[in-house]
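This document starts with one chain, in the form predicted alone, laid out as C-alpha cells.
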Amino acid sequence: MKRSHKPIIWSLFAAGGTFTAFMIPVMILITGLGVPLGLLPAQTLDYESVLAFVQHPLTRIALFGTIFLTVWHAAHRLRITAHDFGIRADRVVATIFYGLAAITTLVALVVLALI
C-alpha cells in the first residue's frame, strides 16, 4: 500500500479551519468594533500596549499558532478552489500554495522571534 501525505494536510486544514472560526471573530470584535465603538479604552491598541502584549512569550506562541494554522487552512482551501475552477495541474497548484504557506510560516517565525 502506498503511503500518503493527505492526513497531514487534512489535519492542518481541519485544525486551521476550526481555530480560525473561533479566533478571527474575537479579533474582529476587539480591533474592529470594541475600540471604535468605545467598548474598550482607546489605549488598548496603542503602540506601546500592543508591543508589550506581543513581547510576552505566550502571546508570541499564540500568534504563531494563529498565523500557522490560518495560512495552512487557506492554502488548502485555495488548492481546492483552483481545482473547482478547472485548473487541473494539481501538483503545480499544490506546490505553489503549500510553498507560500511554508514561506509565510517561516517569515512569521522569524518576525515573532525578533520582536
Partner chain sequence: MTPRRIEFEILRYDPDKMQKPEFQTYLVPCEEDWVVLDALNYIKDELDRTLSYRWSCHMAVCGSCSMMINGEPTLSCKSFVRDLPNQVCIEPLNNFPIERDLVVVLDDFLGKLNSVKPYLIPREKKSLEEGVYLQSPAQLKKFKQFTLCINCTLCYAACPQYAHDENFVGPAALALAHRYNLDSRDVGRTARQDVVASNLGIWECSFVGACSEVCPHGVDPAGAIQQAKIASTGDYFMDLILPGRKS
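Numbering follows the first chain given and starts at 1. Remember, predicted model here, so these are calculated numbers, not experimental data.
As for the form predicted in complex with its partner chain, it is not shown, yet the points below apply to it.
- Taking the partner from the other structure, its partner chain in the model of the complex has a heavy atom within 4.5 Å of a heavy atom of Ser11.
- Within 4.5 Å of some heavy atom of its partner chain in the model of the complex lies at least one heavy atom of Arg88.
- Although the partner is absent from this view, Ile80 contacts its partner chain in the model of the complex, with a non-hydrogen atom inside 4.5 angstroms.
- Within 4.5 angstroms of its partner chain in the model of the complex, the stretch 3-30 places a non-hydrogen atom from each of Arg3, Ser4, His5, Lys6, Pro7, Ile8, Trp10, Ser11, taken in sequence order.
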